[in-house]
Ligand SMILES: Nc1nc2c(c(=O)[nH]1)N[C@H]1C(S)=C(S)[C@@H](COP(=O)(O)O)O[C@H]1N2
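To begin, one chain is listed below as structure tokens, in the form predicted alone.
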């Protein structure tokens, strides 16, 4: 007996199984859902670098993790979209950016999960350990550009009909499912005793509390450890300036503060030095901080700088030591800023200048541009 002539998909067992188990309908709203989750994950990821307070940081970290894991829930529907696209003539198929995008999303998700689990790092081919969070952030930066190429010119834009009751209900189900995935992941880390179970609300892992030498040495983006950081700090206010020897800052004030680094780790130390309030008022009078519209700009010898509201002057410290030991060069010696309640991106190292400026503190880039 001669078998029937096979159709285009005959013999392809995977294809037949996919037809059986995958959803029957998917398209524009699936892509919009994926784009929305990517934007939420990316936006909360950026915001997380700036927020260091426990409650706000926790909310942002949960939203970031849930949005990322939520991408997995839409995979069956996206698979339908991809299969449909593959059946089109080659001239009408999606550009290669779509495949790069898929690979990058996978790298971002896997590296994010590894960091959440508390992985110390992944190993590069050179044998140099690279933190999982570094891979996560680096892949995300590339992903942003590839996503822009992929989305550009596509007409899958929101419509008024997308706000109907059924769509809003599905959106709520997606949000609940995403949050459930995040909660399940946290439960797994606690049940298995992985280091990720002890992450701070911001997602950072403990490294070197009360042991400054055990803290990782990290810098923001292109900032580098200088060969020489000088021995004086220039203090400027109202056109007047003074050169303050670093030795004069030693141990006048103390603070036990938590450094939550944007590199994915945190440590609590007993810092000693001089508050910005004491530094400025001792030299320029008690009224120098009276105008709330002014701000205090702290600058590193490398050019790295951050501005702070004058209300923070009494709690922000120019530190020269941690846990009773002088700072190491990698951790900002001879003097660094200690900014309680702010992420490590605000903790300026190798401070060389403190200036009272007649501009509000928020009138600056959200992150240093150096």
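Residue numbers count along the first chain shown, from 1. From a predicted model like this one, the values you see are computed outputs, not experimental measurements.
The same protein also has a form predicted together with the ligand, omitted here; what follows describes it.
S.K.: Please pick out the stretch from 60-68, 299-307, 44-52, 30-38 that is in contact with the ligand in the predicted complex, where contact means heavy atoms within 4.5 Å.
M.R.: It is 299-307 that comes within 4.5 Å of the partner.
S.K.: Which pick from 76, 177, 216, 230 sits with a heavy atom within 4.5 Å of the ligand in the predicted complex?
M.R.: Selected option: 216.
S.K.: In the predicted complex, does residue 344 come within 4.5 Å of the ligand, counting heavy atoms only?
M.R.: Taking the distances in the predicted complex, the answer for residue 344 is yes, it comes within 4.5 Å of the ligand.
S.K.: Contact with the ligand in the predicted complex for residue 340, defined as at least one heavy atom pair within 4.5 Å: yes or no?
M.R.: Taking the distances in the predicted complex, the answer for residue 340 is no, it never comes within 4.5 Å of the ligand.
S.K.: Should residue 132 be classed as touching the ligand in the predicted complex when contacts are defined as heavy atoms within 4.5 Å?
M.R.: Although the ligand is absent here, residue 132 would stay clear of it in the predicted complex, with no heavy atoms inside 4.5 Å.
S.K.: Would residue 270 sit within 4.5 Å of the ligand in the predicted complex, counting heavy atoms only?
M.R.: Residue-level check for residue 270: no, no contact with the ligand.
S.K.: For the heavy atom contacts within 4.5 Å of the ligand in the predicted complex, list the residues of 319-349 involved, in sequence order.
M.R.: Residues within 4.5 Å: 330, 331, 336, 344, 345, 347, 348, 349.
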